[in-house]
Each structure stands twice: as structure tokens, then as C-alpha cells.
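Just one chain follows, in the form predicted on its own, and it is written as C-alpha cells.
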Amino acid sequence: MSYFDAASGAPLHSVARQALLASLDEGWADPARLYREGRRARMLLDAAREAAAEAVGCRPDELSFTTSGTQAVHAGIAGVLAGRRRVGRHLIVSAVEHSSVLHSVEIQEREGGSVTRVTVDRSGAVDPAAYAEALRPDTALACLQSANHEVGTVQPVAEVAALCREAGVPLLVDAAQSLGWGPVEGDWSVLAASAHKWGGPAGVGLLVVRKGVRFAPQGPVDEREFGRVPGFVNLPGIVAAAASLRAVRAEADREAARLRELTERIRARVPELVPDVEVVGDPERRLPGIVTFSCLYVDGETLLHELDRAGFSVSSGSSCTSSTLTPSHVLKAMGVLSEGNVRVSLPLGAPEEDVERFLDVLPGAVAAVREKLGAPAPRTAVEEDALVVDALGKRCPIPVIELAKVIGDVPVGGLVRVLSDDEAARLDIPAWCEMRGQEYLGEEPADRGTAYLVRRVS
């Protein structure tokens, strides 16, 4: 089995495993106690904190260990917003942040705060100027991920951090995906990360709060972790997390070059091997091991099952794999094709032969899904000068399949009106038009669902 979902959770690094087992024997006592076992545990905790701080590029007393990257994000956002409440209650985030950030946004809005969501371009990157425009006198905090978890696009953190610093606004960086590859550049103020993203154990996160940042921990607090994170520390997990972070950093440059070559191979060859594919994400400014592409006329969930049967573990942002039947908020914000979406995220040490085997298997898997799915004969009718396709009640990728089947039935310049109540159609029909050289005219209300208008130009 080839595991290609390291962006969700990397396999436990061998150094992490060794450190975890060793610290289970040495680090079980309370590091706050003064007796011998407690002092030994404290030494392990201090050494882990120093190692993690060195990797991040901060002071040890600025770094607290949490139970996850999600907790670090939630605690970081809540603490800064509370600490700067006198400044205002305005929060800035990008439209492609991790769900942990977006859940904090929901709380901020529910409690009466205001939020500005900065849009991204088609590659998934923000424009620093958009952050500058969003800054206000009442802005308490800005948030920006270091790199996107779904498409791998690296964000201009240093530029945004400089603009925020000039305005006196702290910037929180979600560095979960990138920290294993190197420190986050720029004059950021708060940072969150998660050990299981770089090969450490699950259940350990990092929260860094720079000196001088107003921070008021929310909820019950105690004396542990500088008062930022309550509760008894998971010392064996922390030791393993710090040890694995140091280990992956030591091999990061060499492994990054190798994985970049492999992902570039996927980016280049998938469109050659599989028709009707869109590769998404920035082709240059991206993480080494992530490549994402979307396939027209493919049910994402079925494709993932096909690849799983062939021995590949991958993930997807397609609405066809979601119980909500809505496309990934990241793909939606980028305005790219969502149906048949596949994210390949290679772990450290991923063999070249596994990538080659994936490229061999993928065309047959996509063809099999397209054949299984078929395309039910669309019900069409001529309504004035437009051909109407009734795709109501049908989920992705059926609306696009039915559009593709009938576009040739109208003359050049003619219109097709696709009726659909699937949220994914709002993203996938315009993407299909761009890929096929047809003109997307927009949407309009219908008796049921939405009508999407397409003009045939070729």
C-alpha cells in the first residue's frame, strides 16, 4: 500500500518512535515537582522546548505545547482577540485558511465581532495588498497560513507580516503544513503548528506568542505552559515531537529537492495521461510534496475507492466525497474545478517507483469511474433560443456531464441553460467552460435550484 496523504497526517518518524519509547520510561513524572523523578521530567521538557524553539526561531519561553494544532489555533486567536479587545473586534483571515481558523471566525462573528475574508487568486495565493486594504484602526488580529493544506500553495507571509507590523497589528500564522520544511519567514507575532504533520505523534501542537503581543488566555488557566495552555503535559509525546522536528529538518533540503521532482513529474504527466484534467495550485511557490488535480466527469468518492483498491491512499476536496455535498472551501475560493479532485501528498522517503506505479494506475482508474458513472440521457427542451438541461436532483459530476453531452446540439452562438440544485455546479460549470473554451454567462434564479447559462463559442 502506498500512503500518499501525508498532508493529513505523516507516518510516525523513526526518531519520534525511538524518543517516544525512551521517554515513556523517563518522562512519566510531574515536571513541576522537585523530587528526582520530577526533575528528570523537567529536564526532558526543557530540552524539548529548546529544540522546538530553535526550529521555529523563537525564544523557549515564547513557546507552549498544546494537545493539537487545532487547539493552538483556537487558543492563539482567542487569546489575542481578548488581549486586544480595547483596540477593536475586527479579524482578518484568508478565504483558504484551515477549518480550525474558520471555526474561530464563526465564534468571532457569533459574538458580535467583524471579519474580513481576503480572497485568493486562481493559484490559491493572497495578494499582500489585499491584506493592507483590509487593515483598519479596530483590527485586533490578522491570520494567514504559511502554506495551503489542500493545494500546497505557499503564501507571502513575510510581506503580509511586514504590512501588519507597520500597522501595529499582530499576525497569526498557521504553520502546520510547512514547519517541517523550515522556519516561517517574516516578522509574525503568533504561530501554531501540529506535530503529526511532520512525523511526530498525534496529540501535540505548538503555540508561539512573541514577547510584546497582548495575550489573554481564555477559559480556566493554571500555572503550566506559561499560563497559556492548562492541563498536564503529554511529556513523551512532546519529547518525540521535538526530536522528530529536529530530525526532519536535518534532511529537509535533500528530501525537498527529491519530492519536488516527483510532484513535478505528477503535475506534468497527469494531464498527458488523463484527458480533461485541471492541475491546481501555484506551479512554483508550493510545498515540496503536494500536488492536486481535478478530473472532469468523475465522482471523487468513487475515484478514491478505485485508487484505494489499487493500493494508493489519497485524499480529495471534491464535494462528491463530502456528506455536505458542497465543494472544498479552498477550491471554491480559488474558482477551480472541484469534481474528481485528488490530492497527492507524498511522505518523507516516498519511493520513486510508487509514484511511477501511481501514474500507471491512474488513467485506468479514472476511465473505470467514468465508465461506471456513465451519463444518463439528459432531458432537454428548447425554450425560446436556449437548450434547457434539467439536472435537478443530480449531484456532481452529472450536471457537467449532461452539459458536455448537449453543447454540440446548439449552433455556435447558441445557449445552454443548465438547471441544477447542486452547490458544486456553481464552481464546476464555469471551470468546464474555461477548460473547453466555451463562454460562461453567469447564473440566474430558477423555479427550483439555479440556472447556469453557457454560450457555445466553438
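Small disclaimer: the values here were computed from a predicted structure and weren't measured. Counting begins at 1, following the sequence as shown.
Although not depicted, the form predicted in complex with a further copy of the same chain is the subject of the following passage.
*Asks:* Ala446, Val15, Met435, Leu24: which sits within 4.5 Å of a further copy of the same chain in the predicted bound form by any heavy atom?
*Replies:* After the contact test, the surviving option is Leu24.
*Asks:* Among the candidate residues Gly168, Gly112, Gly219, Pro137, which is the single one with a non-hydrogen atom no more than 4.5 Å from a further copy of the same chain in the predicted bound form?
*Replies:* Contact check passes for Gly219.
*Asks:* Suppose contact means a heavy atom within 4.5 Å; in the predicted bound form, does that hold for all of Thr70, Ile107 and Pro230 with a further copy of the same chain?
*Replies:* Verified in the predicted bound form; spot residues all in contact, yes.
*Asks:* To test your reading of this chain, name the stretch in 70-78, 119-127, 288-296, 354-362 whose heavy atoms come within 4.5 Å of a further copy of the same chain in the predicted bound form.
*Replies:* Going by heavy atoms within 4.5 Å, the stretch is 70-78.
*Asks:* Even though a further copy of the same chain is not shown here, does Thr263 get within 4.5 Å of it in the predicted bound form, heavy atoms only?
*Replies:* The answer is no: Thr263 has no heavy atom within 4.5 Å of a further copy of the same chain.
*Asks:* Against a further copy of the same chain in the predicted bound form, would Asp308 count as a contact residue? Criterion: heavy atoms within 4.5 Å.
*Replies:* Close contact exists here: in the predicted bound form, Asp308 approaches a further copy of the same chain to within 4.5 Å, heavy atoms only.
*Asks:* Check whether Arg210 has any heavy atom within 4.5 Å of a heavy atom of a further copy of the same chain in the predicted bound form, and answer yes or no.
*Replies:* Judged by the heavy-atom cut-off of 4.5 Å, Arg210 is well away from a further copy of the same chain in the predicted bound form.
*Asks:* So, Arg85 and a further copy of the same chain: in the predicted bound form, are they within 4.5 Å at any heavy atom pair?
*Replies:* Close contact is absent here: in the predicted bound form, Arg85 is far from a further copy of the same chain, nothing within 4.5 Å, heavy atoms only.
*Asks:* In the predicted bound form, which residues of 1-24 put a heavy atom within 4.5 Å of a further copy of the same chain?
*Replies:* Met1, Tyr3, Asp5, Ser8, Gly9, Ala10, Pro11, Leu12, Arg17, Leu20, Leu21, Leu24, in sequence order.
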